[in-house]
Each structure stands twice: as structure tokens, then as C-alpha cells.
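Next up is one chain by itself, shown in C-alpha cells, the form predicted alone.
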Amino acid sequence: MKPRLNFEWLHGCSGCEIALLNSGELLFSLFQLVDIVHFPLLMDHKYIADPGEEGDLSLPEADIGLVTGGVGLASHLKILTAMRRQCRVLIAVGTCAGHGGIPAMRNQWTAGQTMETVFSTATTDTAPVPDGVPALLDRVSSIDEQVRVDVCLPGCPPRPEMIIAVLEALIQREEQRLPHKSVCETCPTVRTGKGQATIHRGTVRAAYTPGEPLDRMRCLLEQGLLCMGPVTAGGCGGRDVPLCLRSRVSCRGCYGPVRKYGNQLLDMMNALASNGIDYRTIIDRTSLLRFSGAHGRLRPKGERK
């Protein structure tokens, strides 16, 4: 009997779902290994109870459940709880599910401030909130803040091959091989140990000779560009060069922290100090948490310690 698979999406951009579809023939090979019983992206399967209504949702039981996106609405929490209850193994797919992602940037403000900003107009400070707008939770959380998670796949989005490989490993009862190195550990650029004393604004481009191999370009952080490679989980390029570095631009941190509960802001400040860079030249420090604002990292100003 094939393992049964559930899939759900919460607070995200659907990039993880597109990545799964982009796995192409690998996806068809996965279909041969599992029975898909709930997958809104691919099949029309209704909830018996609507996520916004009272009462429990009715989802089918499954051996494996995949969830993308963070938890920002009351309906998200309801769906996630149902997924955890019905799935033997629950996988957090992508940075939003694992660390909050871009949606968690709203954690800098209260839910009320967020609504006031979204529904403000040019003529009045605020406008009435239209009927039917879903109820916001106080903050956007990662799914492991709400329920137990068995496997977390980093990435914005994760590589299609990695999603399929982890699923196949679970099905075959084999060890899952997840990325455990930082972007820096997989970056071939030249490091001299002597960098700029300050960080340039984002308008400054990397210095390199067009057409030259990446292993001849000087480390972007040493060039004074804000590269978050030291504090970001690798894997975006598979076994090859990280994707941003291929384009000669610095890592923005989209795979989340290297350590499970790492603080990319604090760790990056330490990395800058160890390289002799003045951290005070970082204008918007909270932007270092643009992909990992869950787990209490980003809070309204009055709640920050």
C-alpha cells in the first residue's frame, strides 16, 4: 500500500508550490510512490468545514503532510492544526514555514497598525476595513511555533530536487540529506581577510571582470557589500555555486539561519565585527531579519528588548 500524502499552503507567495511543479519528471516519479489524498494545488478537494467557520476541519489521514507558508490568519492556524492531527509526519516546506519569511516582516507592527496602514487613504488617516477581510493573528509565526514539525526544508523556494529527494527518503525509510553548511562555505570567491571598514549602500555594484570565473572575484563582504552568506543556510545552488553569487550579487539571507534557531541579525553583527566592519554603517538593521522574523525575532517597538 502506498503512503498517503497531504499538502497545504498558508501565508506565502506560492513560490514553493511552483518549485514543486518545476521538478518536472521527478514529480511524475513521486506520483508513482504515493497516493495524494489532499492537494489543493493539483486537485479539487473541499474542506467539510470552511476554514473561517466554527468547528473542526475534516482532512483525510495521511502518512506525510507538507505545509508551505507561515501562520498569519486564524484560518491558517485552523488548517495547520488539522494537518498536524491527520499527518503522521509533517514537513515545513520553505523559509516562510520554517522562519516566517517575508510575511513575518509585519511583526514589526501590531495587527491593528498593519490594518490601519493597509486601509489608509490619501484623504483620511484610516478607512473602514471592508467586510470579509480575514482575521489577522497578533503576529506571523513559523509553523513549528504552533505545532510539532518533523522535517524542515529551507529555501525561498527550496530546490525542486531537494523536495522530491526528502520525500523519497521518507518513503524509502532512508536518512534525509538536508543542507547544513552556510552560503559562505559553498562560495568560491577569494578571501584575503582584509575588508572594507564600512558597508556600502545598495547602489554600489560588485567589482569584478566580466567573464572571469567566480573563484577570481573578491569576497563581496570584503568589498564592503552586505552579503549575508556567513549567517545563511546554503543549498540554493545545490552542489554548485550559490544562485545570487552566480549573478555577482550578495546573498540576501532567503534560506534562513544556518542554525535551527539562529538569529541572523545578531549573528551578522558578530560577523561584521569579526571582519573589522563598523556595524553602525548598516542603516536598516531589521532588514537583516527579512526572511526570519518569526520566533520572536521581530516585534513591535514597544515590545522590543
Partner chain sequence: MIGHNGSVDMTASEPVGAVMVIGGGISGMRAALDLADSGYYVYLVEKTGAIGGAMPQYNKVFPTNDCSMCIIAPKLVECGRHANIRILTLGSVLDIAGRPGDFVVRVRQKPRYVDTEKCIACGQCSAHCPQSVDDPFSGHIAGRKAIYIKYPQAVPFKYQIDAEACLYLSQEGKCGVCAEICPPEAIRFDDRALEEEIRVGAVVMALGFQTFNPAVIKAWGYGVYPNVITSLQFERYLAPDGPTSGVLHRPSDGKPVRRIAFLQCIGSRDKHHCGNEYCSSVCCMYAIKEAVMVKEANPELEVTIFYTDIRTHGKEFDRYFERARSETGIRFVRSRIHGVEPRGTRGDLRLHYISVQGRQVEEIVDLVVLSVGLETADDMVSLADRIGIQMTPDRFAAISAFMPVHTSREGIFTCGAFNGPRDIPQSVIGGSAAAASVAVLLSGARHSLTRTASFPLEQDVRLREPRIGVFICHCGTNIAGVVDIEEVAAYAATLANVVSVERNLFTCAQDTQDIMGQQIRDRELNRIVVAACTPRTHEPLFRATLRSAGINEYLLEMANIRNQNAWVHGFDQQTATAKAKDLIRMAVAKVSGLRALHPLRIPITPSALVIGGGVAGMTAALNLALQGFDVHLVEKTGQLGGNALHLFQTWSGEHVPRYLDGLRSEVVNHPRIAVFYHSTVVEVAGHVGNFTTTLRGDSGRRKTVRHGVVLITTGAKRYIPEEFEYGKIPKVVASIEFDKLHMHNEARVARGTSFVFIQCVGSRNQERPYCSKSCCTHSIQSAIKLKKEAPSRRIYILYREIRTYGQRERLYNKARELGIVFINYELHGPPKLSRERDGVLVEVWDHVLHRPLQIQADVVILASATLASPDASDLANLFKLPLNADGFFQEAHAKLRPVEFHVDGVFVAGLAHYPKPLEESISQALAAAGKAGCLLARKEIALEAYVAQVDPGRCDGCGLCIEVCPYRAITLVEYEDEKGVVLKSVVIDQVLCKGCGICQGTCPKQGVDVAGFTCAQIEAQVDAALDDTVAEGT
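Model, not experiment: these values are computed from the prediction. Residue numbers count along the first chain shown, from 1.
Omitted from view is the form predicted together with its partner chain, to which the following refers.
Taking the partner from the other structure, its partner chain in the predicted bound form has a heavy atom within 4.5 Å of a heavy atom of residue 184. Though the partner is left out of this view, residue 63 does not reach within 4.5 Å of its partner chain in the predicted bound form, counting heavy atoms only.
Looking at residue 230, you'd find a heavy atom of it within 4.5 angstroms of its partner chain in the predicted bound form. In the predicted bound form, no heavy atom of residue 80 sits within 4.5 Å of its partner chain. When contacts are defined as a non-hydrogen atom within 4.5 Å, all of 189, 194 and 258 contact its partner chain in the predicted bound form. Just one of 91, 87, 221, 167 comes within 4.5 Å of its partner chain in the predicted bound form, counting any heavy atom, and that one is 221.
In the predicted bound form, just one residue of 232-257 lies within 4.5 Å of its partner chain by at least one heavy atom: 239.
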